[in-house]
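Presented as structure tokens, the chain that follows is alone, the form predicted on its own.
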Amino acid sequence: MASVAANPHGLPRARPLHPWPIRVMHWTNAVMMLVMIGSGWGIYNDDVIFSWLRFPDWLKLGHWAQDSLLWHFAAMWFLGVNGLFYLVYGVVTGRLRRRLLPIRLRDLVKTINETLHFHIDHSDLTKYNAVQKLLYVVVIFAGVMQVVSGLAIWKRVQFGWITELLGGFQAARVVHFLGMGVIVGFLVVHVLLAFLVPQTIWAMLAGGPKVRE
């Protein structure tokens, strides 16, 4: 009876746009991604894929390959478990469906056209535009592929079938490297947009406006 009296119209209770579990997982993902990328560049430099590409020492995490590997494996567990919790939470609560779907072609074209003309409207923090939705879907897919290709590289005996499915060890390394490039590109765009619309940063820190889901 108390809940009915407190909410006589039967409306869902208003909650922060970004509940505290989302905020914790978001910032954990951000830190662990940076550790994974920096240490990954250190590992890459020890056995380069492209002869013309080496990363400067100031971008690497770890003084040598073994040191970078330790950082990479440590962050891998945090990021993997945290990322799994994020996906489960998003599916169970319906957050991923509400925030990322649907993605319509006409909305993509409209948003791209507005962005090219520097008409970036983000006054409503409760909704992602079509480009944001697509970027999040792509980075989630890239994250899954990083796990798959990472297993193919790390445990190529135990997960030899994955290694073969990706075209062999060296091909798996290329897939892993390209996936890293997708994630780095996403982070650059994500951070740039966050600084262009600083209220999104505060929303991810404090929770943002109240919404009824």
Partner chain sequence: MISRNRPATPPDPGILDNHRPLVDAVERRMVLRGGLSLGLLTLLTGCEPESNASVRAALLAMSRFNDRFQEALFDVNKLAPTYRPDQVLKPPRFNAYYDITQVQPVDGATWRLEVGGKVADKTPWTVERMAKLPQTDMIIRHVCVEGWDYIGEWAGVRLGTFLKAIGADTRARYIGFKCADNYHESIDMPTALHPQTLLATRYAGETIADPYGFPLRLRTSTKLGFKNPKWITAIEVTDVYPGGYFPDQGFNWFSGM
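Keep in mind that what you see is a predicted model, and the values were worked out from it rather than measured. Positions refer to the first chain, counted from 1.
What comes next is about the form predicted together with its partner chain, which does not appear here.
> With a cut-off of 4.5 Å between heavy atoms, is Y86 one of the residues that contacts its partner chain in the predicted bound form?
Looking in the predicted bound form, residue contacts with its partner chain do not include Y86, since no heavy atom lies within 4.5 Å.
> With heavy atoms only and a cut-off of 4.5 Å, decide whether W154 touches its partner chain in the predicted bound form.
Flag for W154 set to yes.
> Please determine whether H176 contacts its partner chain in the predicted bound form, using a 4.5 Å cut-off between heavy atoms.
Because no heavy atom of H176 falls inside 4.5 Å of its partner chain in the predicted bound form, the answer is no.
> Is F169 close enough to its partner chain in the predicted bound form to count, meaning some heavy atom within 4.5 Å?
Yes, F169 sits close enough to its partner chain in the predicted bound form that at least one of its heavy atoms falls within 4.5 Å.
> Go through 107 to 115, 136 to 144, 94 to 102, 74 to 82 and give me the stretch that gets within 4.5 Å of its partner chain in the predicted bound form, heavy atoms only.
Of the stretches listed, the one contacting the partner is 74 to 82.
> Quick one: which residues from 193 to 211 get a non-hydrogen atom within 4.5 Å of its partner chain in the predicted bound form?
Sequence-ordered list has one entry, F195.
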